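Before any questions on how it binds or moves, here is one chain, the form predicted on its own, in structure tokens.
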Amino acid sequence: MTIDNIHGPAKAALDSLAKGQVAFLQSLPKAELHAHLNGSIPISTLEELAREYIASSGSKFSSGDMLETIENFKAGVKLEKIADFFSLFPVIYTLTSNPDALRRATRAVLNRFLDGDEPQCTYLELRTGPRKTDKMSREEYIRAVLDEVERYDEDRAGLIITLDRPTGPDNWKEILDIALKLKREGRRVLGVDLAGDPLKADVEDFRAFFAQAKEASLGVTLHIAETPDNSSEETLKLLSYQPDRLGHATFLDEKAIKIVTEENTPIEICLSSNLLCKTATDLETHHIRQYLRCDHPVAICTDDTLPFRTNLLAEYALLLAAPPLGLGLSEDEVRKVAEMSMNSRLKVLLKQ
């Protein structure tokens, strides 16, 4: 494994497994349903883009800043709270601010998940929020990403477009309009996502946007209850939008859990992300256990492979490894979780 792949809790879990157990995990058909494009760019690709950017840039300050940030990613990001996570990305946004660089980054992410002798997953739903720069519009951003996603068959990859909580209704409207336009064109836009700083924005402002998305047969997945500071009222309001899947759902209270289980809404679980962002203290008390106990659908995902230095195989190792390194599930239980992920694809949920 290279530095592009695994370190930390996921590496410890994977290293503890026998070769036969690793081979079993590799053989499982599984879907990655919660992978953010900008947080999943391989470090080697970022280094290439940074070298080219520095060679063409006259700003020594920005170049130094850029190299320091990349070295920090390689050394291992330290997060004290989830809010620290959002300061990691300005350099990545700078390096992917034109269509060519964005296509290269997207191609590298797709390749890392889907290609090679030991692909991480059978199917990938990549998600990203379009950014407007002086070199591309938001629509050009999404078209560039889709060009790469659509190099793969529809049973291998699709795109989810993110509405970023802090950016405001005008931005959300523009992004949803782009999603609807591309959907009408037959492009592989599967759904929309609510993401970004979980303590920003009044989620009531999103109601009409998600209703419009559902009317157009787009899936809806929501980052929800990511922190203890997200109120029960906000969570219940988001659940009233009837999402097709939930991201993280770390701090659902009993009332919300009852709704989610009755609706059988799949939950995207990102174990390393939770541990490293300190939204979960350990695997023993992780919220995945309550859903496994009641046979509720979950999908094991990576979230952001770059800062969390993980991959999907290693996230599954956290299921199979013996405690305290992992959850200690049996192979049959892990196989069932992998099947849940395949059954939680938006293309499947929207046909039900």
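What you are looking at is a predicted structure, and each value in this text was computed from that prediction instead of being measured. Quick note: we count residues from 1 along the sequence shown, nothing fancier.
The same protein also has a form predicted together with a small molecule, omitted here; what follows describes it.
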{"item": "Residue stretch of 147-155, 188-196, 171-179, 212-220 approaching the small molecule in the predicted complex, non-hydrogen atom distance within 4.5 Å", "value": "188-196"}
{"item": "Residue (of Ile288, Leu37, Leu318, Ile300) lying close to the small molecule in the predicted complex, criterion heavy atoms within 4.5 Å", "value": "Leu37"}
{"item": "Full three-residue contact with the small molecule in the predicted complex, heavy atom 4.5 Å, for Tyr123, Asp244 and Glu268", "value": "no"}
{"item": "Contact test in the predicted complex: Thr250 vs the small molecule, heavy atoms, 4.5 Å", "value": "no"}
{"item": "Contact flag, Glu32 vs the small molecule in the predicted complex, heavy atom cut 4.5 Å", "value": "no"}
{"item": "Contact of Glu234 with the small molecule in the predicted complex (heavy atom, 4.5 Å)", "value": "no"}
{"item": "Contact test in the predicted complex: Thr128 vs the small molecule, heavy atoms, 4.5 Å", "value": "yes"}
